[in-house]
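Only one chain is given next, in structure tokens, and it is the form predicted on its own.
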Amino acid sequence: MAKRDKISMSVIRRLPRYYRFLSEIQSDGVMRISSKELAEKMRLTASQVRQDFNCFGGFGQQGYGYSVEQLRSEIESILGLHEQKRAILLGAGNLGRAVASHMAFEPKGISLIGIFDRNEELIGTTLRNVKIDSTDELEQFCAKYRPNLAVLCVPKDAARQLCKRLYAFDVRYYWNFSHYDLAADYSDVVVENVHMSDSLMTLCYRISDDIEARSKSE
């Protein structure tokens, strides 16, 4: 198996897609799949599929292909979905409520143990069966429960202040929906940034590009 720091992020970012697809076909009763079939479904080449899995040792058998159950289990292990991370969510507004309500945290190896907001109307209510606490109680909570991961659903300026407090309690992992650039201030954090506006603008580009291509072909 290649060292993890030698594996490109493009490979890592394909693993959840593999996992999602394998979960779907396993639920449909499919027991095995070839690299060619998997590549067609993923819109990749068979060579790319094999190269991706060879980064982690390779899981197929020549002439047989891949066991769907085994491959799914291997990817689940690589992604660390069996290892429970203790997470807190910052911001229980519209975005935070949507993330908390619709994201299946537990199957992804994450336990949501705390939610925080500064809105007094929300404090003391529950979201996803978790009581919403005041951000004033953040240090006390972190000292007691030691969360690993913070989900940031707050504005940029609020995120900057909250991260400074969280960092002091050794919180180093972030799922960041704010526009705050954590890595610029903290070189040792692991952060996955989610910029929905960037995704929408990318879609706008693809729409414009497709419209232009269609107009030229007419």
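Computed from a predicted model, the values in this text were never measured in an experiment. Note that residue numbering follows the sequence shown and begins at 1. The term rigid core refers to the most C-alpha atoms you can superpose between the two forms while keeping them within 1.5 Å.
Keep in mind the form predicted in complex with another copy of the chain is missing from the figure; the text below concerns it.
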Inset, instruction - Using a 4.5 Å heavy atom cut-off, state whether residue 103 contacts another copy of the chain in the model of the complex. - result: yes
Inset, instruction - Please run the contact check for residue 149 against another copy of the chain in the model of the complex: heavy atoms, 4.5 angstroms, yes or no? - result: yes
Inset, instruction - Using a 4.5 Å heavy atom cut-off, state whether residue 143 contacts another copy of the chain in the model of the complex. - result: no
Inset, instruction - Give a yes or no for residue 80: in the model of the complex, does one of its heavy atoms lie within 4.5 Å of a heavy atom belonging to another copy of the chain? - result: yes
Legend entry - All of 95, 188 and 216 within 4.5 Å of another copy of the chain in the model of the complex, heavy atom check: yes
Inset, instruction - Tell me, please, which stretch of 44-52, 64-72, 29-37, 180-188 lies within 4.5 angstroms of another copy of the chain in the model of the complex when heavy atoms are compared? - result: 180-188
Inset, instruction - Counting only non-hydrogen atoms and a 4.5 Å cut-off, give the residues of 201-216 close to another copy of the chain in the model of the complex. - result: 201, 202, 203, 204, 205, 206, 207, 208, 209, 210, 211, 212, 214, 216
Inset, instruction - Determine, after fitting the two forms on their core, whether residue 24 shows a C-alpha shift of 2 Å or more between this form and the one not shown. - result: no
